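In structure tokens, the next block holds one chain alone, the form predicted on its own.
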């Protein structure tokens, strides 16, 4: 059957926005993501994961854990507490340096991150270059040479020069923490508030993102602690204990999945930027002087992992940081092309010995490793891979979402999820609710659920049931009909091709288990 995607690249900005709104609605309608506390009108930038969302998120997490811990003999996992001693965040630099530059529009009273405003404005200038390219393609047709056009077209060169000039100013302002210059760049770029349309801005000021709370019964300053803004510090303070008990030698890694909390003032883009989120992090401890080799290694390895999720190469890119974090000597993001543009889903950082050295100084406890190969003690350097679980979830959904126009004029919405990630791997349907078909279907369902994530349904027509499973991403459905009772076969339907084949029940579990095996993604 011929199928046509209703949304196919390249898309206009309006089409991209419409697509993203459809994805958000789809997530709610089909039990992936709900606004938190919705019966009380919700809570900004906080979301709950529904039945299928919780399952998909867990599957992504398990897939990461298998790839990172199970398949590496020198990487082990921990689960550190959310609450940590307040000195932890002094040593890590978060108390003094974990700030966002914020600016308010005086007319709308809406608050923005100054750096994001500038990044978005520069991205719009990049879009102008693409529009010039589109004009060139239309004008020259098959004779169009994109690289030559980008290198010679006067309009493109003018825009590029402008972008480069602003990027240099932007980087310098961030490096020097020059808030006045950040505001001046916003003024020079003529950035307007999206609500009021005015350019009447306050000065830029810094805002600490950590949530504070109190421990114990006495509300004094000594009892103030923080919800962790990252999971990495739980790994660092446990470094030596993990190394000794897990009997690891450098180089080795410590992995963790856990919640982190940031008081994001400018939370937006659905679950992309929220105040409560989950990180999948691995800190890799190496001998000083070898960190850049490992940094390059993990850049490549992590990109391979993202591609194994079904992301096409053109929708993934590296993005070198304009400003390095206070702990890093090298940093790069892996970005995915969402409907709202290329955005970070994972960061790879060379953190040097910043964290362990500061924890050693502030705690007074040695955090040095004795290297039997070199017969010396030293504080290891660290290469970090930190991927946002929620952002990866959103990327997987955006990548999988399809609206297809079929030959008969009907439409179907399908989530083409990788089979090993799908919340439901196989759905079991009796063709009708009589003649012993439900009993046979439940017998098959009971057998399959020991090894697969299975769903059973007998309500509505078989076509409607197929469409519901398409919409939640179920890769395979089986239908039990009257022929099943005579020859012990069922119809196996493929989600993506919609093709059906007749197979024996005896072979069903083996066939489907092979099709949904997580190892296929990593081989």
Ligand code: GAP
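None of the values given here were measured: they were computed from a predicted structure. Positions refer to the first chain, counted from 1.
As for the form predicted in complex with the ligand, it is not shown, yet the points below apply to it.
- Put simply, of 251, 339, 418, 347 only one has a heavy atom within 4.5 Å of the ligand in the predicted bound form, and it is 347.
- Only one of 294, 277, 239, 311 lies close to the ligand in the predicted bound form, with a heavy atom inside 4.5 Å, and it is 277.
- Of the candidate stretches 127-135, 347-355, 396-404, 159-167, only 347-355 has residues whose heavy atoms lie within 4.5 Å of the ligand in the predicted bound form.
- Residue 262 belongs to the set of residues with a heavy atom inside 4.5 Å of the ligand in the predicted bound form.
- In the predicted bound form, the ligand sits within 4.5 Å of a heavy atom belonging to residue 272.
- Within this chain, residue 181 is remote from the site of the ligand in the predicted bound form, having no heavy atom within 4.5 Å.
- Within 4.5 Å of some heavy atom of the ligand in the predicted bound form lies at least one heavy atom of residue 391.
- Residues 384, 386, 387, 388, 391 are the ones in 374-392 with at least one heavy atom within 4.5 Å of the ligand in the predicted bound form, listed in sequence order.
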